[in-house]
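Encoded as structure tokens, the following chain is the form predicted on its own, with no partner shown.
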């Protein structure tokens, strides 16, 4: 099973690396990082680069497509080469997935029209404008399309998907061996739980600078 993780300048590291760490443990999995051209691709802070081993044209028919989000998602949405690759890869993929604002890229390629999907809470209305039906769920399955909400939810999505592919025991084994047992010090991981002043601040920032 070939798993292709799409990289583009300005992606968010954990969006790619979180599910990579989970899905790469599938028995027989070949996980490849792909970009418009092979080589290093910088993250949203410019402080970390992942190396794309292959160009998009070299990976036309992956079994699983994974699209991370990031502040530069909106720029990537308008890249015809990326959109064309997503449509081509999706035509034969078993699963097409995204994390955070990566869902906007899928939607911009026309892959989420009328489908239930999730994304970062600040981008839900953008997702709606692109033809999807946004939800506040952390991980959403709609047919072969699997979308995850904000950055950390990519790990959850990876476990959900691994369970669908290889069974519950395989997914629980990976959860155990990666010791994924989150116990955050705060209960502020969603706009429904976080202090209202923080939610209002970031909604205001998003409106002022939509990226």
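Positions refer to the first chain, counted from 1. These numbers come from a predicted model, not from an experiment.
From this point on, the text means the form predicted together with a further copy of the same chain, which you will not see here.
A.B. asks: Does at least one non-hydrogen atom of residue 21 fall within 4.5 angstroms of a further copy of the same chain in the predicted complex?
C.D. replies: Yes, contact at 4.5 Å.
A.B. asks: Can you work out whether residue 115 and a further copy of the same chain are in contact in the predicted complex, taking contact to mean some heavy atom pair no more than 4.5 Å apart?
C.D. replies: Contact with a further copy of the same chain, no.
A.B. asks: Considering non-hydrogen atoms and a 4.5 Å limit, does a further copy of the same chain approach residue 51 in the predicted complex?
C.D. replies: So residue 51 counts as contacting a further copy of the same chain.
A.B. asks: Residue-level question: is residue 151 within 4.5 Å of a further copy of the same chain in the predicted complex, judged on heavy atoms?
C.D. replies: Flag for residue 151 set to yes.
A.B. asks: When a further copy of the same chain is placed as it is in the predicted complex, are 2, 127 and 143 each within 4.5 Å of it, taking any non-hydrogen atom of the residue?
C.D. replies: Heavy-atom distance to a further copy of the same chain in the predicted complex: none of the three under 4.5 Å.
A.B. asks: In the predicted complex, which residues of 10-28 put a heavy atom within 4.5 Å of a further copy of the same chain?
C.D. replies: Contacts from 10-28: 12, 13, 14, 17, 18, 20, 21, 24, 25.
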